[in-house]
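Shown below, as structure tokens, is a lone chain in the form predicted on its own; questions about how it binds or moves come after it.
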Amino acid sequence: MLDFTGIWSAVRLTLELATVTTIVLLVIGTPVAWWLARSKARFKEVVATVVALPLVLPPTVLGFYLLLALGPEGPGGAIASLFGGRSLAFTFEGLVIGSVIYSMPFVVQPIRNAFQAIGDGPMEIAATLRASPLDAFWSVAVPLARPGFLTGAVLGFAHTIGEFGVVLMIGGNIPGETRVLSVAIYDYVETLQWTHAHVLAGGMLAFAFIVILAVLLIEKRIGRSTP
């Protein structure tokens, strides 16, 4: 018999984590992407490399260092102590921090590409109309880069949904607190609850198909709208 309570708890927590992570990534990733797209600093690509590190680092390596950073002896412990806690590891807040770092390149890169595709022309025209740099950014650059924002949001959300190694390392398997979908599937397989594993794995497979299809349709639409 299916444990609908356990399944829904994992689904709800995963959706909450993906939503919060995507919002945070859009807020902090947009200025990073803008700087990477427009800056002429010599160390720009060094920063871009740091942002892209999660693409090649094994999740367990990133999860290990995040566990140290979020633990009682790391900065996370100092921050948690301000609110009466001992550690940010094995908490929802810790999962958000880890997810933001792990999914950063999937949001920053599409937005950076969109900003670079704009070129200097529209911004120069806005400047001749006496628009301030900030006003030009919001009224010109952001609307023109909307497809990049959409792609980045979809990829960031989907990547967070599918996380396993990082969230397991820093969150463990606490029902209702850190037990997300990928960890729940692993747990069900370990305990030979194949029906539960099939339900969740099948749902994630369908979700992955929809995400990839959505990204391809976005790219196709962008291609049609590009002169």
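Sequential numbering from 1, following the sequence displayed. If you're wondering where the values come from, they're calculated on a predicted model, not measured in any experiment. Think of the rigid core as the biggest set of C-alphas that the two forms share within 1.5 Å after superposition.
Below, we turn to the form predicted together with a further copy of the same chain, even though it does not appear here.
query = Can you check whether P31 is within 4.5 Å of a further copy of the same chain in the predicted bound form, heavy atom basis?
reply = Close contact is absent here: in the predicted bound form, P31 is far from a further copy of the same chain, nothing within 4.5 Å, heavy atoms only.
How about V189 - does it come within 4.5 Å of a further copy of the same chain in the predicted bound form, if we only consider non-hydrogen atoms?
So V189 counts as contacting a further copy of the same chain.
### Task
Check whether L55 has any heavy atom within 4.5 Å of a heavy atom of a further copy of the same chain in the predicted bound form, and answer yes or no.
Yes - in the predicted bound form, heavy atoms of L55 and a further copy of the same chain come within 4.5 Å of each other.
task: Would you check, heavy atoms only and a 4.5 Å threshold, whether V46 touches a further copy of the same chain in the predicted bound form?
output: It does: once a further copy of the same chain is placed as it appears in the predicted bound form, V46 has a heavy atom within 4.5 Å of it.
Quiz prompt | Any residue of 156-176 that, in the predicted bound form, places a heavy atom within 4.5 Å of a further copy of the same chain | solution = The stretch 156-176, when checked against a further copy of the same chain in the predicted bound form, contributes A158, H159, I161, G162, F164, M169 at the 4.5 Å heavy-atom cut-off.
(request) Take the rigid core as the frame of reference and indicate whether the C-alpha of E45 shifts by 2 Å or more between the shown form and the other one. (result) The answer is no; the displacement is under 2 Å.
Q.
Using the rigid core as the reference frame, would you say L15 shifts its C-alpha by 2 Å or more between the shown form and the other one?
A. Stays below the 2 Å threshold, so no.
### Query
Shorter or longer C-alpha distance for A208 and R12 in the predicted bound form, given it differs from this form by 3 Å or more?
Those two alpha carbons end up closer in the predicted bound form.
Review point. Closer or farther apart in the predicted bound form, the C-alpha atoms of V215 and K44, for a change of 3 Å or more?
Key: They are farther apart; the C-alpha distance rises by 3 Å or more in the predicted bound form.
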